[in-house]
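The chain below stands alone and is given in structure tokens; this is the form predicted alone.
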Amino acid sequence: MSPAIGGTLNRVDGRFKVRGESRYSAEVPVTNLAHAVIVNAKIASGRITAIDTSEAERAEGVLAVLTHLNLGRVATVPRLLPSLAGLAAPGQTFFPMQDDLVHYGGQPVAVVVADTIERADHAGTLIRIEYETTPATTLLDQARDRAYVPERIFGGLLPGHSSRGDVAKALAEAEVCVDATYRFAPNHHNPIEPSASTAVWEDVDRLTVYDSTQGPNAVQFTLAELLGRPPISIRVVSHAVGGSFGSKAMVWHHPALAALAARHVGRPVRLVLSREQMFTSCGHREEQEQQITLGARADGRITALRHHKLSLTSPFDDWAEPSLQSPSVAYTSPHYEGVYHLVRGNTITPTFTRAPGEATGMFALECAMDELAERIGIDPLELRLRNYSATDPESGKPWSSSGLTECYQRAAELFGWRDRDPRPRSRRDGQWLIGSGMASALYPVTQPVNPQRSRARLYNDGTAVIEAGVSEFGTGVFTAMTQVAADGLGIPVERVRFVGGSSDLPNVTAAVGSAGTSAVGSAVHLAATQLRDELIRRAVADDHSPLRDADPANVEVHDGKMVLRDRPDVGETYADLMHRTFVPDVEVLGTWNPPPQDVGYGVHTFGAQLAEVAVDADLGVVRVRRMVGVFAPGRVLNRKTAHSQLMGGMLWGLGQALLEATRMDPRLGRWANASLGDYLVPVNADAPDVVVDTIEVHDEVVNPLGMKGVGEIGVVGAAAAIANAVYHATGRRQYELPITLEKLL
């Protein structure tokens, strides 16, 4: 039996999804269901002076209209903790409809509950609200002078200021300097499935919530704190999730609002966000500006890096995506300074957006590296090789594994980089200017901080069920876990069923930060191997087993049969043993305790990305013709799903580079393009030829399976490679994303 890990098993949930049989949170059949609609604030700053709900309450089918006057108070607002902590993970330390204050445009100010969603939506338009407005801050440029350096960011996980060496002295002594400022438009996630919650009170003490989330347990613990209930009284179920990209990583207001509304009307309530509400209710990538100063010797060796970030956060939380983390260790820079500057604005707290921090921070660094290569007169790839570090520049510790130089070499071969003429505007194809660019990709290997658990049960017919509370939100984790369990037990994948998506199952952290598969996979691996070892122990202790008195270390399992390693003709199947001993099933709980943060190694995932673009010489239209990405993510569990994740990430980076921007109307304090008709994302016609390859590196540090994750590394270098290619085609550097045609004219 060949190993399942590393194969290309088709998605175990694929048939259900293509046949429309998967149940999403807004599709779960519930008896006597009512529907809730959120009414959002039309101002960005101020207070409600009057609210008239009488006409809405009289509308046909309306069961209740909830506002700050009658909603009731939440028990507490949990502190901001990233969902990797495995505990309560609110999106922000603010819960709406607790008073008359309005802090940002789109803030929930009322909830209408009716017997149909159409009637609830109509009644929401009948509510009359009067406001007293106060000046709002919705753009960075409105409040630069009020910027401050926070003590810590990212839920308290990272410092607001970090340094090593003497960066000022090193920059003053540098033979070559590059100083550049990059601006980034806000981005929104826009998964195909809007966030949705269905709340069912089974009695006064038992609540079930069907929620579209990356972490059922995070929702359970957050609701427990908000509602003042013990976690055991709350069950969160997430059968299938239609994408997230970070919007469903933290827990926003709608699950609790659905639960409060259901309790108020005494029947189940479903609350589904509209597409426009997805722009105001689930966080976003913040508007930001980054300044990078690179100091180097004449041969290109980097001596100093100063990296400052300015971004807009909410009135409540010191949130900034960690844009400085990976750039600080990308190259051998002995002198470094990284500082986050925040401006409090009238916005919801920003949140994880795919490749949070690295997508912007590495863009700034890699564009500056391209400029440095041109200043010095060497190939951009050669510059990166000269500055490659076999150790973590921050700690001096060796990498747990790297593979970056192999990624450079393989990507250059696949792309044909050595044939590139380095001169800008040196290649044309009729009206099109052709350019090529490259960038490094780095993403930290994030680890959960709490134990990860999985349950494995083997039946006496040789089939197994593996359980863990992870959600399937499009990454293929259920499929990969089927493979991990099959190999751990030594049985074919056809005999394994993986069950997830419920807080009643063994607790695993939310699948965020490219850590979901490694977290649940480690627990599944340990559960499966412990179950295998338990059955081997029973066999060698059984007087009637062919394996009686054998050394357990000399027994291995193939196709469900336990055999001696040096005599594969001697052995018996799991089923033989269990039937003979009258055992219907055997079950174990596997627990993986993640390694401490300081493991004696630097832990990152590495990759290299290259892109070729064509730019219309007269119109400034940019078309990406081809992309190549080579990555070293440790062990690859499923080549098909990993390829899909990496390709999807690269295309996401294309969107970041050329299309995606949410525009703020500062007069109203509202997003001006809050729809998929106006917020541009790549479609099939925009997709170029994409080549994805992986370099497998052995890593015994990160987890038992040696996997680092592929969900976000594909995003990281894509936009920078495209921007560097645009410069090569046109001779014009781009310092603002997205790169639109008017910036090239």
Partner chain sequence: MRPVSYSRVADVGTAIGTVSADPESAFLAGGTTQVDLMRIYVEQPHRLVDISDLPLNQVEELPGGGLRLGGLARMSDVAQEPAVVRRYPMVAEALLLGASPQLRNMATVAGNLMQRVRCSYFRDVAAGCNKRTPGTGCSALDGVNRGHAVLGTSDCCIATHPSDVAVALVALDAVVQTEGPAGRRSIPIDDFFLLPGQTPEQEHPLTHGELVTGIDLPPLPVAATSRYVKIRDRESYEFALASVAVAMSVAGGRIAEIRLALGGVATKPWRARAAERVLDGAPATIEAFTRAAEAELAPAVPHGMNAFKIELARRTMVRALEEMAQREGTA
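Positions refer to the first chain, counted from 1. In this text, all values refer to a predicted model and were calculated from it rather than measured experimentally.
From this point on, the text means the form predicted together with the partner chain, which you will not see here.
Although the partner chain is omitted here, in the predicted bound form none of T8, D549 and D559 has a heavy atom within 4.5 Å of it. Residue H122 is the only one of H122, R538, R386, H264 with a heavy atom lying within 4.5 Å of the partner chain in the predicted bound form. Contact with the partner chain in the predicted bound form, defined as a heavy atom within 4.5 Å, holds for exactly one of V621, L589, I434, I376, namely V621. Contact with the partner chain in the predicted bound form, defined as any heavy atom within 4.5 Å, is confined among 512 to 520, 668 to 676, 599 to 607, 162 to 170 to 668 to 676. Not displayed here, the partner chain is kept clear of A147 by more than 4.5 Å at the level of heavy atoms in the predicted bound form. Within 4.5 Å of some heavy atom of the partner chain in the predicted bound form lies at least one heavy atom of L659. Put simply, K42 is close to the partner chain in the predicted bound form: some heavy atom of it is within 4.5 Å. Within this chain, E57 is remote from the site of the partner chain in the predicted bound form, having no heavy atom within 4.5 Å.
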